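One chain follows as C-alpha cells, the form predicted on its own.
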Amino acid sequence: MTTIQLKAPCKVNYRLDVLRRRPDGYHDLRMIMQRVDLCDTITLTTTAIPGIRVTCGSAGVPDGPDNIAWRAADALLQRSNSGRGIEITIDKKIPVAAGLGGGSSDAATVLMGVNSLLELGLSDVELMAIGVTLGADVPFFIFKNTALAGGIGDLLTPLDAVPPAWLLLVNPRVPVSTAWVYQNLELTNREAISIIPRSYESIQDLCAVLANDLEGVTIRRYPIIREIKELLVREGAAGALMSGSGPTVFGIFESEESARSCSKKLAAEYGWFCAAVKTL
C-alpha cells in the first residue's frame, strides 16, 4: 500500500459572464477564476483489493459512485492494468453547494494524485481533458493558475499580473443548486461585450472588474446574499461579490488583519460560515 495526502483548494470567480446558451444545453462563459487557500484534504491509498472506496462523512456528500472523486479515480483506474484499488478519504473544509468548486477541486486532486500513485505518466493537458468530462471546473484546478476561462470553463488562459489579496468568504449556510440557477437564468441580448483586462496593478483595479451574471438569479431566492455584500463593504471590504452560483459571498480586503477581524465579527453576530483566506 502507498498513501499520499493532498490539499484541494477552492476558488472564487472575480468575474462570471454568461455569454450564450449552447446547442448542447451548456452555456458559453467568460470568467476570471482564482484559487484560495481554504482546502479539503484528500488522502489516497492504493490497495491490493480492486475497486474504489470513498469515505467522507460530510452531509450532502455521497460516499459511492455518485461522488465526483469516485468517478475521477475510476476514469484513471480504467487506464491502468495494475489490478489495484484506491481508497479515498475526504476531509471536507469547503462548504458544499456553495459556489466555491469544492467537488471539482476534489476530483482534480484525485486525478493528479492517482496519476502519480499509479505512475500513469499522464500530462496535465491529458488530465484536464479527462477532468472536463467530470465537471466544467475540474480543468481549472489542474491548470493551477489564476485564469481567464472561456467555453464552459475549460478554455483557460493564465492571468499572471493579478495582485495577491486577502478575501473573506461568507456562506449563509443555504445550499444552492448550480443547475437550478442556470435553469432560471434569463439571458439578455448583448450588443457589445466589455473587454476584460489581462493584468491588474492594484486591488482597486481588481474590484473594478467584479461582476457575476448569476448573482441576480440567486439573490431573488436568497436576498440574504445582497445583505451580506452590503455588510462586507460597510465593514471595510474594497469590493464584494457572490462566487459562482452562490450562495457564498467574498469580500476583498487590503490586509490579513482586516479580513480576519471582519470574519470573527460576522461569525459571532450571525452564525454564518466565515473564512479569511489568501489567494494562491
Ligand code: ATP
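Don't overthink the numbering: it's just position in the shown sequence, from 1. For clarity, every value in this text was computed on a predicted model and none was experimentally measured.
Beyond what is shown, the protein has a form predicted in complex with this ligand; the following relates to that form.
**Q** State the residue from Ile224, Ile52, Val61, Cys39 whose non-hydrogen atoms include one within 4.5 Å of this ligand in the predicted complex.
**A** Checked against the cut-off, the match is Val61.
**Q** Work out which of Ile68, Ala237, Met31, Leu241 lies within 4.5 Å of this ligand in the predicted complex, going by heavy atoms.
**A** Only one option qualifies, and that one is Ile68.
**Q** I'd like to know whether Val96 contacts this ligand in the predicted complex, with contact meaning heavy atoms within 4.5 angstroms.
**A** Judged by the heavy-atom cut-off of 4.5 Å, Val96 is in contact with this ligand in the predicted complex.
**Q** At the 4.5 Å heavy atom threshold, is Gly102 in contact with this ligand in the predicted complex?
**A** Yes.
**Q** Applying a 4.5 Å heavy atom distance criterion, does Ile90 contact this ligand in the predicted complex?
**A** Looking in the predicted complex, residue contacts with this ligand include Ile90, since a heavy atom lies within 4.5 Å.
**Q** With the partner left out of view, is Asn115 within 4.5 angstroms of this ligand in the predicted complex by any non-hydrogen atom?
**A** Result no; Asn115 lies far from this ligand in the predicted complex.
**Q** Of the listed stretches (53-61, 250-258, 31-39, 216-224), which one has a non-hydrogen atom within 4.5 Å of this ligand in the predicted complex?
**A** Flagged stretch: 53-61.
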